[in-house]
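One chain comes next, on its own, written out as structure tokens in the form predicted on its own.
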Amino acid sequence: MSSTSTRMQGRFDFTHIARWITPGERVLDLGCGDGALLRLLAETRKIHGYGVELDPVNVTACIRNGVNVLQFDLERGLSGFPDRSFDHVIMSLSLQTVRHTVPILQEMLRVGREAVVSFPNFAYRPHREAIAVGRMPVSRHLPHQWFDSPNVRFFTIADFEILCADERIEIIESMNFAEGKLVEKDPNLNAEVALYRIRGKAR
């Protein structure tokens, strides 16, 4: 099996994100980790990509993966990037780790023509069941105990869609998953991960 196929199996959302990217696009990946998504997009979509990552271990991994990476804290914003300097700005399974949610979404939609975000759905049925018995949920996409979690925001699919409506963010397309499979019935209850393609509405 090729290295690309292995990565696509390891993160099922990467496969769906790649389908939203046109060959040759300019892509910015925020909280890019080891650069696996950008490397996949470079190999399969021939994109021109940059990653943003704070963790020095991940920055080193990006360099080893041949990914262009900038090391800085996303909470400081994206002021170094001009308006519409990218076709897509991606934040994959990282939105729940930032404190200033609305400003980072606004910045993503300023520097990118469109944005792609994915996040764990706190309202997923097993999470509700954990809370019902008095425990904070721990799962594949919320793997940390409450006392050492990097997540600072716990929100649901319904919460995110209300935020988009309030902030005049257009949802172009969305997909919801549980155990890597598409969920269509009541995703706020039955999906563990949500994936959105969004853009700013004209004011």
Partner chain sequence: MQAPNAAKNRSVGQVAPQTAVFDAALALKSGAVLPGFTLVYETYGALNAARSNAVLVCHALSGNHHVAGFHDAARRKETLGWWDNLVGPGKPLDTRRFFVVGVNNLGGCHGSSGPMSINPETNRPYGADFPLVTVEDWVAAQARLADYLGIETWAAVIGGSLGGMQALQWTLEYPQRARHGIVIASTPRLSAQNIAFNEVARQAILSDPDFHGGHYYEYDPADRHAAVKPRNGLRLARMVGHITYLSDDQLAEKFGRRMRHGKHRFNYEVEFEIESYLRHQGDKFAEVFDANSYLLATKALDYFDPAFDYAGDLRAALARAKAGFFVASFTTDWRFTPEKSREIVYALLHNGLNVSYAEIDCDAGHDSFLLDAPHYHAALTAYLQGITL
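Positions refer to the first chain, counted from 1. Note that the structure is a prediction, hence the values are computed from the model and not measured.
Unshown form predicted in complex with its partner chain; subsequent notes refer to it.
Peer 1: Quick check on Q71: any heavy atom within 4.5 Å of its partner chain in the model of the complex?
Peer 2: Yes, Q71 lies within 4.5 Å of its partner chain in the model of the complex.
Peer 1: Taking 4.5 angstroms as the cut-off for heavy atoms, does R26 touch its partner chain in the model of the complex?
Peer 2: Yes.
Peer 1: Is R76 one of the residues lying within 4.5 Å of its partner chain in the model of the complex, judged by heavy atom distances?
Peer 2: Within the cut-off, so yes.
Peer 1: Classify P150 as contacting or not contacting its partner chain in the model of the complex by the rule of any non-hydrogen atom within 4.5 angstroms, answering yes or no.
Peer 2: Heavy-atom contact with its partner chain at 4.5 Å: absent for P150.
Peer 1: Of 139-147, 157-165, 30-38, 51-59, which is the one stretch near its partner chain in the model of the complex, taking non-hydrogen atoms within 4.5 angstroms as near?
Peer 2: Stretch 51-59 is the one.
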